[in-house]
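One chain follows as structure tokens, the form predicted alone.
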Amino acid sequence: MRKVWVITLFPEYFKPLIDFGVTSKGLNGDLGVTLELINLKIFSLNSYGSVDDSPVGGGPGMVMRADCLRNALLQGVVNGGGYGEAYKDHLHVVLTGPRGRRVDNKISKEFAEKFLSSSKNCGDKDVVFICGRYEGVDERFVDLYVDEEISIGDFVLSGGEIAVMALLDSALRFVPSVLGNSSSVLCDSFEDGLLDHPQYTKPRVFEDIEVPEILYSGHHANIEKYKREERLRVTKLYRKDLLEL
């Protein structure tokens, strides 16, 4: 059974991920992957349950303590998961933060293949996400224990939980059997560098706007040609930068 570990101050954030939608199907163990949540507050070193302190050298805000994070990783994940002394051979530790690799469709697919699939082609490591908070994480913990940093964009969040959920939600779509129709990911936006074409359903006429007639033609070659042209048109209109890559 593959495990996805998350060290967080707010495990409750992840309840919807487990309870609803395609992510619940991918993380409930039925497909060989489970989500394991570690409450960082348990590893506080004081009676207040705090895991942060003021930054050395001054400055606003607070910094997450290296010792609390280390204890959560070693006691909560390594000991709790039975990884043993050679845990670095079995775990890939990821920190969310602004200097990390920018998540895109390629990285989501990579995470799915390495950490979220139970197939024999999958990597041999489980993934551990560290959800940062406050002004950041003590750099010594990053240097000693973090294997990779990721970012979901050039903006600041109050914590890393949303970033982790976004990556998991995106990556799980590439895991076989998570989606009802696994081929749908091949037609999504960004899969071939373009946005998706416009979608329509019933009714045929909505407020005097009709569904394009060609989509009712039944001529598959013409329909596919139309969809391709629409993908190019929509990408040029809304995300011209994608065409310049």
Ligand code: SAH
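Don't overthink the numbering: it's just position in the shown sequence, from 1. Source: prediction; values computed, not measured.
Absent from the display: the form predicted together with ligand SAH. The rest refers to it.
Partner contact region in the predicted complex: 156-164, out of 104-112, 81-89, 156-164, 169-177, criterion any non-hydrogen atom within 4.5 Å of ligand SAH. For a residue to qualify, one of its non-hydrogen atoms must sit within 4.5 Å of ligand SAH in the predicted complex; none of 4, 11 and 38 qualifies. Not displayed here, ligand SAH is kept clear of residue 147 by more than 4.5 Å at the level of heavy atoms in the predicted complex.
For the chain shown alone, residue 116 is not a contact residue for ligand SAH in the predicted complex, no non-hydrogen atom being within 4.5 angstroms. At a distance threshold of 4.5 angstroms between non-hydrogen atoms, residue 142 is out of contact with ligand SAH in the predicted complex.
In the predicted complex, ligand SAH sits within 4.5 Å of a heavy atom of residue 98.
Along 132-148, these residues reach a heavy atom to within 4.5 Å of ligand SAH in the predicted complex: 132, 133, 134, 135, 136.
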